[in-house]
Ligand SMILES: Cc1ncc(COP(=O)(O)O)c(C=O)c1O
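The form predicted alone is given below as one chain in structure tokens.
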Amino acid sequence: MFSERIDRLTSSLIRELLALTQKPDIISFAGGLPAREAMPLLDLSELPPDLSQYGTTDGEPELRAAIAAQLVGLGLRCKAEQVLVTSGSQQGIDLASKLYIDPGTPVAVEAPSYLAALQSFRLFGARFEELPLAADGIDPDQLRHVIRRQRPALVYLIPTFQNPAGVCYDEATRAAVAEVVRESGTPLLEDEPYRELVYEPVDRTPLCARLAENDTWMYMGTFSKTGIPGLRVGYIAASENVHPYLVRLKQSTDLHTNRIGQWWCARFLHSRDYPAHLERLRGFYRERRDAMQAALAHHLGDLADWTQPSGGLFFWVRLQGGGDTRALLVRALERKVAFMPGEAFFANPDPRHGAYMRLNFSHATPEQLARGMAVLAEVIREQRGIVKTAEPVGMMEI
């Protein structure tokens, strides 16, 4: 009845949790939801009337030019003609999947990796080659070995404040990974939705900026983390040998991205307040990151391990001695706390993945962070049969 790929169609746990976690009595650490109070104003009062008509597939020229200028500033060899405006950066993943993946196609991904990318790659039949993440990124030698042995059609990486692990590749790893990609000629899909949410000085030079003019690359970004996510405006810039194919695929998908959102994003980028907005945003989320770090240390210090991220929106937490975070989620939801179990972020199953969970700190207030972490600690101890005298959450200062 349906196409054969429907057998590979999986649901997204994040999307399933989203409806539940939007209830006002739920403390949610689950989705990567930006805080409403940190978003810029959605002012459409000067919207040009001609935007009610269809637009071009590539996107609005003013926005494409602004994006290209930003990418050139990051070191990429990119013209406006190489930028395709997408319906969120997720559409860029979908287009790259359609372009490169057939059933059985090997694709190299980080372990863990962004679950919606894994969902898209899996739908088209990808066979995953996982690259374990360390504190400074993937191992370039392992990437070289995977490419030589499996010849993946695509390498998908999130080198800056990785989702879910929060890892930011260091300068040496970025250089070495880019060199492996260059020498092998393997297409690179670099996903950078969080690069502007930086809280400490770190190297954020895109891998694509280290590639040569004749290399094959795709670089994705979004306005959902710094602007207004409901507009669903992102982009994928690509090398000249790839861009035309992405445009044709988008033509067959949705014709073009909404023009009103593109107009707003172009004005947003050109606004004199844009740099100041980014600084306010970083300060706002840095405060919430620090609040989660304090709450984790206070409540889970003897139960879990984690590394404080230098940017992005997530903590990646491993339960000491292993665990089952899916079962833990059921218990936590009964007490109005939500998070993302870690196993969904791995391409290939392994019982050890059950020890991980991803915790988002952008959506909850500092007070909710403290209360939610106290609940998590309580249900972990209950799951393990550990008895501990409860202390009032209000005693904790953050």
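In this text the structure is predicted, and so the values were computed from the model without any measurement. Each residue number is its position in the shown sequence, starting from 1.
There is another form of the same protein, the form predicted in complex with the ligand; it is not shown, and what comes next is about it.
The listed set 285, 315, 263, 114 contains one residue whose heavy atoms approach the ligand in the predicted bound form to within 4.5 Å, identified as 114. Note on the partner interface in the predicted bound form: the residue among 225, 204, 299, 256 having a heavy atom within 4.5 angstroms of the ligand is 225.
Stretch-level contact analysis of 143 to 151, 90 to 98, 301 to 309, 174 to 182 against the ligand in the predicted bound form, using heavy atoms and a 4.5 Å limit, identifies 90 to 98. Looking at residue 194, you'd find a heavy atom of it within 4.5 angstroms of the ligand in the predicted bound form. When contacts are judged by a 4.5 Å heavy atom cut-off, residue 163 counts as touching the ligand in the predicted bound form.
At a distance threshold of 4.5 angstroms between non-hydrogen atoms, residue 158 is in contact with the ligand in the predicted bound form. Contact check for residue 122: every heavy atom lies farther than 4.5 Å from the ligand in the predicted bound form.
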